[in-house]
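The structure tokens that follow cover one protein chain in two forms, given apart as structure 1 and structure 2.
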Structure 1
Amino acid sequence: MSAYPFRRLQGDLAELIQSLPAEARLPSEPALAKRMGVSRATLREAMRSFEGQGMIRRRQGVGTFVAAKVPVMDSGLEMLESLETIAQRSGLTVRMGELQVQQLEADEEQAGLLNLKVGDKLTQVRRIIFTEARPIAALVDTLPADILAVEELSSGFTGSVLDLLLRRGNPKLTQSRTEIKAVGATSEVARALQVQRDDVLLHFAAQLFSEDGRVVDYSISYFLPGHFRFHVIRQVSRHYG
């Protein structure tokens, strides 16, 4: 499909979505493709852009729904902050869903990321973060067991490993190295975030360092597009000055 007909398809879809109330279910994919006169593959491509904007949400095996308008969490990436801190600054409320904590022995990949030996003890923390009734992020932190013990998560933990470590003050944290990219949702993450498998998510993979240069946490975060706006303030290069 050429650029103009595709834009017209997006315009027709936008008009349909905006005409429906929040939480209304859209027609099935085959029915909507027939109605718009396009293939299902073309329709799916157009729908992804609306999902990225937070205008619709898809639930595996259930259908596609018009999303209620929700405030967007806006944050610069220059400063490392927890979702709870970003939400509080934005006047939003977030809560932690089911918490999964387990002790592991480091495999080769984990040992490399945390500068440990294979077989060293680890604590892994998995949780889903909600705003109102909607899951918006899936978080996984893996730490050396001597940095964070399972017992510390038994009560009062709100979902942020970063905030827990900052409140404790030991070890002293200094910086984080983060890789950011777009990824397709795995089956597990798709179920947790109530989206379709392979839907695009923002993916952050970060190593958190202490004052002595030790990697004290390796975290993986999946963020639902449309609910977050991340930005970076960059200085202009003086190379030619």
Structure 2
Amino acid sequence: MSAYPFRRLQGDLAELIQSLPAEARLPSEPALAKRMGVSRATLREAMRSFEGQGMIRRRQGVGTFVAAKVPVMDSGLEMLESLETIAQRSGLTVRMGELQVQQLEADEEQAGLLNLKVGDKLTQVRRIIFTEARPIAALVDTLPADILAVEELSSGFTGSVLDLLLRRGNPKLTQSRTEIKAVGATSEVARALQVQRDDVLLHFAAQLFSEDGRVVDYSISYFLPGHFRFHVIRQVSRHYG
């Protein structure tokens, strides 16, 4: 149970929406507010947030409806989730391999990305995600050592730095800024993902922010095409609506 109605609502409402079939009609706002135990104003803030993510569709005088379903396989980029979480929701089994944890000191580029000083201690985690036998993603997380110590990764590390931080609950994570590119595989990545050098890969570079605005993780991901589907809902800017 969360302290604030809005946060609890986000989870409850997401659960409800995902449990309903496409085009299904949601209860009216007064009814839903009562059922969720919040005021209609708070409910509407949450609704607005879900509408912005394209999960629901509202029509004045008619009702609120679950948006047309997108194939379950792919993942919307509005929410930051670990690959493990996405895979689990999709009913896939993935495993992690080739885990490498090391401590190092920030060079100029890393210091800039993490908003630190050159020479500050860093923890770096590299790993490969496999489905069945094939590697499909390569991940590198770099964190300040005071956020995540090397020792913490020794026992029972499942492979997701994000999930680890979320479970620990400290620092409190709020959002990430993810940059999207297409790259050719370097020889190192090509070997890890068992593809040819210069083969096409999707590339995410993400800064993960905590509640106080600090950068707590810089994450680089390489995805093999065809095994993941990423999409984003984009709003039409209505400067002159």
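Definition used throughout: the rigid core is the maximal C-alpha set that superposes within 1.5 Å between two forms. Counting starts at 1 with the first residue of structure 1 and goes up one by one along its sequence. The model shown is predicted, which means the values in this text are computed figures rather than measured ones.
Between the first and the second structure, which is the form predicted on its own? Note: form predicted on its own is structure 1; the other is not.
Would you say Ala182 moves between structures 1 and 2, meaning its CA shifts by 2 Å or more once the core is fitted? Comparing forms between structures 1 and 2, the Ala182 CA shifts below 2 Å.
For Gln194, is the C-alpha shift between structures 1 and 2 2 Å or more after core superposition? Gln194 C-alpha, core-superposed: shift of less than 2 Å.
Take the rigid core as the frame of reference and indicate whether the C-alpha of Lys34 shifts by 2 Å or more between structures 1 and 2. After core superposition, the C-alpha of Lys34 moves 2 Å or more between structures 1 and 2.
Rigid core superposed: how many angstrom does the CA of Ser19 shift between structures 1 and 2? Ser19 is displaced by 39.6 Å at its C-alpha.
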